[in-house]
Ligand SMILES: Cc1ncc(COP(=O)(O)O)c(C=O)c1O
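The chain that follows stands alone, in the form predicted on its own, written as structure tokens.
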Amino acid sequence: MSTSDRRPVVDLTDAEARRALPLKWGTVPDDVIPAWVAEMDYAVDPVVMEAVQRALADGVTGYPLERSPELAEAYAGWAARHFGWAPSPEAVRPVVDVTAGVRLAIDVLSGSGGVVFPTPGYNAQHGLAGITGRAEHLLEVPESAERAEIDLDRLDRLFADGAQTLILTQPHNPWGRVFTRAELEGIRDVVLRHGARVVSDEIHAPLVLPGAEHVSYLAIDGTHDHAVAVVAASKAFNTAGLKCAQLVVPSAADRERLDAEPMSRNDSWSPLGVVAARTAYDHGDPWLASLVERLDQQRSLLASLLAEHLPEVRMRPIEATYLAWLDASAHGHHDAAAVALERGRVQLSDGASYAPGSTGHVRLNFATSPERLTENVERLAKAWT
């Protein structure tokens, strides 16, 4: 897509961000820069915003349809354009959000054995195993590893010991990793060997940065009988509050099981969320191209700022998302996030919530203006050194 065809990304001012992002910005004092929860400090794509405003003006505030063929077709078309692979529209089901979709899939489709959860892992999904009545098996990635990878031998042992489901987050939060086709094929082989299941959280797929390529787990041969993917436009288009994600279920037998569940099993998504998602999938490419370009620039800026101000802080290469997993343990702070807030007035996500027992690690959100990102790192340097 040529630059002239794109819609620009617009930075929110501090005042605009406090109004638009009440959790991220509204829960911190005025002298604190929030760089924690995964929301972007950018105005919503105007095309998406206009569609939602039109729907609201039309009074679209009632219950959503149980099925949304237009949404399913929009996602399938979007996936085909961006990934070269797409599910059949009949495989797509709406859900309220991605974490609820992961929970629903485990509840209905997984065996009673344990759930494997690679760590560091998305903190909101810690505990899903227990909520669904299953044991949680943490699959730790050593902090010393240069490249965050899933240990297939360890995964094999966990399945052999009774686990039956893998929560696969890819692209990964907070690693920033994009798994290769070969890596996904290796995971598939282990899963097939044990008759296990995979629930693939692919919400960050639109945010793969230059140099990497997203491959859906469902695009791998031999996965459709044991896997589902949970996807959404909400992370890339900053519309999480509108509440609409999609569960991609390629197996007809699995769809029958899900469709037979009572309504109370699947929390109700929003009709405005459906409007936002359809518009993003059908008309959001020009804005998304600008966003990916901006995030690529921010990724480079963050690396240069760390090299200049915090050379002892370790950051693995970021292949996707706008979230950086930082190891600040060289500076000797057990709780680097607390020190960053107290001394630097920067709100980060504490690494221990992603990897229990982790010390000195934080997650930093760099989806902001270059000026804010620069000030964030300069403040962190004063706080940690």
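Everything numeric here is computed off the predicted structure, so don't read it as measured data. One rule holds for the numbers: they count along the sequence shown, beginning at 1.
Below: the form predicted together with the ligand, not depicted.
Peer 1: So which of 311 to 319, 72 to 80, 266 to 274, 168 to 176 is the stretch with heavy atoms within 4.5 Å of the ligand in the predicted complex?
Peer 2: In the other structure, the partner sits against 168 to 176.
Peer 1: Report whether the minimum heavy atom distance between V248 and the ligand in the predicted complex is within 4.5 Å.
Peer 2: Judged by the heavy-atom cut-off of 4.5 Å, V248 is well away from the ligand in the predicted complex.
Peer 1: Within a 4.5 Å heavy atom cut-off, is I203 in contact with the ligand in the predicted complex?
Peer 2: Within the cut-off, so yes.
Peer 1: Do Y281 and the ligand share at least one heavy atom pair within 4.5 Å in the predicted complex?
Peer 2: Residue-level check for Y281: no, no contact with the ligand.
Peer 1: Do T99 and the ligand come within 4.5 Å of each other in the predicted complex, heavy atoms counted?
Peer 2: Within the cut-off, so yes.
Peer 1: Considering non-hydrogen atoms and a 4.5 Å limit, which listed residue (L341, V44, A38, I33) is close to the ligand in the predicted complex?
Peer 2: Going through each option in turn, the one that passes is A38.
Peer 1: If you check K235, R93, R103, R299 against the ligand in the predicted complex, which one has a heavy atom within 4.5 Å?
Peer 2: Of the listed residues, the single hit is K235.
Peer 1: For a quick check, can you give me the residues of 364 to 385 that have a heavy atom within 4.5 Å of the ligand in the predicted complex?
Peer 2: Not one residue comes within 4.5 Å of the partner.
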